[in-house]
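The structure tokens that follow cover one protein chain in two forms, given apart as structure 1 and structure 2.
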Structure 1
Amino acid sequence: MIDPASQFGEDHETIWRLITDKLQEEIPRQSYLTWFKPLEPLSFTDRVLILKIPSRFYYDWIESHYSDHLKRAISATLGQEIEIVYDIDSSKPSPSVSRALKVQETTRSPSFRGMAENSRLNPRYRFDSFIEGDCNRFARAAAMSLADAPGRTPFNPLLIYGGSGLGKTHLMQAIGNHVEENGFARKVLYVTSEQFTTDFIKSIQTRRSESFSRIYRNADVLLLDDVQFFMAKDKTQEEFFHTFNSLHQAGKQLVFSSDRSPNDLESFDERLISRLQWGLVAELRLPEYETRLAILKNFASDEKIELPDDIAHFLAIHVTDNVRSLQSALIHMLAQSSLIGRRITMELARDAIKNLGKQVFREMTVEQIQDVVARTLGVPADLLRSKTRKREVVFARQVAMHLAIEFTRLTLKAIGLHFGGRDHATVIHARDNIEQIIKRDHKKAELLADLRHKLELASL
């Protein structure tokens, strides 16, 4: 055990070197070089280590991927907790970053700090940085209207639910930030359900249940994130139930999030499920292509990254699972490009997508698709672009149109133009017709599958 203060005085560099030596044993070298090498220790006083960090992307990434590693490395080398404060490198031209400047911590722990007295909202989670799309319009609107009049709208409680990485935390904290900035309530408390549980258990162990109630029942706006965490925790659910009743009766604003719909909360008290739905339930769905594109462009401009349109488009068609993955892809490219001094290229984008564990296919041109289809079906490719209405050619042409819809992002109209200037209705007809054919003709279905496979291979 080493007492960092006495052993090293104020030597931040030694401390950081010890921690990173340990870290390097735990994480892959490439990850270490990418994420930790660029950090620079600035000072160490009163058990607070200040690290300079290149941008908020680094902070987010480290926070979500390595905070446990970091904690372990700290406790293994120093034998006690210290606080890490990130100072975002403000010499870099990035306005949103300098706004978010500083004081973000990763090593804070309940035993060290006591209960969640303060909400510690992330200043970056705001309504204006939350891109609107069909997938979130309703939830966003509800959140915005209650943030203007907490406790005084019918949206009480508001329950936001949706899969991981779709923006629940962002939206909840945006409510908190908005309320705080405008002074619409005295006390805003944002807390994860995990923290709520920890606080509750600790209050029983230390027989300080009054302080627990004082903190939680004094909130004017309680933002409780990820309530699915209460599943199968009967005692905590009960406490949550009492907290709910007490605040709701007092007209305080309640906002909850869950990664699933209330009816899918297993082993949840029925009374609680019903209360969660008293106000408004709003779902966050997967963003559609246009929203994904808008989100990417927004991230990029926040970070002052030049993101060419074709690359944005490429990422938006490949990364469909959630917003966090979109962000990860961008962060990965950013890290690679600044590390190796490369510009953002298609190659980097493909790399980033592979890094997310996704299959990458290159967008193909209609001509490439026509060639593969023509070769496989023994029809001259030129004829696919001609006016010929010979049966074999019509079939091959329709198959190629069908695949062009799948393997390119061209509009139906643009696809039609590549087939001898046909209109978009013809392309739709081709798609529908092929779909009908493969339903009843399994040989043709196999043929199509085979073609698809060929195209996938050709485009990798």
Structure 2
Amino acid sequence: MIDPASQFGEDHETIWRLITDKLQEEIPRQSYLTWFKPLEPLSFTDRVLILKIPSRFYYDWIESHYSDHLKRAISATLGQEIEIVYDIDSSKPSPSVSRALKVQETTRSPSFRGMAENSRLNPRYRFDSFIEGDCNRFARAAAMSLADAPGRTPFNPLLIYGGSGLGKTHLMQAIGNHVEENGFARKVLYVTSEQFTTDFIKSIQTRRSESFSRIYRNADVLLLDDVQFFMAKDKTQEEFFHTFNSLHQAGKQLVFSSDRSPNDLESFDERLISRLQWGLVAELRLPEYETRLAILKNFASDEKIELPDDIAHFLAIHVTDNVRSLQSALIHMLAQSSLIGRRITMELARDAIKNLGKQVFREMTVEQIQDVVARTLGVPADLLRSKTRKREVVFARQVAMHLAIEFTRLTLKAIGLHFGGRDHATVIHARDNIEQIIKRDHKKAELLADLRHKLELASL
């Protein structure tokens, strides 16, 4: 067995090379290249090896799939207890984003130090990583305004509601992180309604109701997730009612989330429903195509995943339910790519769609797209292929070109040929022009969304 401190001193590169040499004996080469090759040793001091890691996603994947392999490789190579710290911010290890893993010959449970003990916030959830779109712009603006002045805006309480996977938790914790980082409140507490219920029941069982009240009623900002969990729980609702009143009367900030609007909360105390509506109620809707595409590209960029544009468009078109499904599709492709050595291709994207239990739309022809656009806009389809420069025809032609880029795999040059032999530069101009129009014209944006829906239905 090697004592790394005496044998190599602070030679972090040698120590990491020895560990990875052993690791490659245990895992497939493609998996090693994907998950461990990007890791870079930064230092080794006092038996602590610091590794630069591209993103939190790498940590999650290594922890879930290769933690035991890594433990064995370190134990077999060094035989001594060392600590590995993953540095995600690429400059220095920070308690908010680092994870320490001590490896000995006995198994030790690793822990991630990214969850603040007091606030229970996840540092990954921030405003700058929350992709804005028409579906969430109002809720995000309200959340940001509140986060700058907790307890001092009309948004108290703020209730954010919407279906699963639309970003409620992200937005709530972004508020908490912003408040904490800027020192706008002394005590921030994020908790799920299920945890609130569990804590309340335990306080009754152990006769420690004062401790429960001290934790929850001393918060300056209380972020309570999934209040629909309180439905039909009369005692918990009563405690929630008193907690609400205590904090609100003290001018503390309250933020709640729910998977439905307050009026749809069944078996819920009417007094609570009324209080949930005292401040501001903001809905998160299903993300439209542009937002889905932006979310995909942002997630891929954050996780250092090379995602071809055509595949990003394909996923954004077909995965329409929520953000979580988009990320699941991307993770499925990455897993397939790394574990069995497949390239990220359109075929892999189709497999990811099927894995989510969704039906894959068949690819449409440019002519089919032209017909749908022409019928909707009241323009003869043949004029889209003509030389006419009438304003309404030019707009319809550009819309059809824009949609042809999304719904087909043709090159820009090939698409142009279907519109009267126009070149690829004309198609690019059409795409860019339509993107600018829908940013400033809400009705035009709704029209494009309606056309996409019609094409999706037509391609089933």
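As the structure is a prediction and not an experimental result, all values here were calculated from the model. Counting starts at 1 and follows the sequence of structure 1. We call the rigid core whatever largest set of C-alpha positions still superposes within 1.5 Å between the two forms.
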Number of the structure representing the form predicted together with ligand ADP: 1
Residue 371: Cα shift of 2 Å or greater between structures 1 and 2 (core-aligned): yes
After fitting the core, residue 75 CA displacement of 2 Å or more between structures 1 and 2: yes
Rigid-core-fitted C-alpha displacement of residue 58 between structures 1 and 2 (angstrom): 6.6
Backbone CA shift between structures 1 and 2, residue 431, after core fitting (angstrom): 21.2
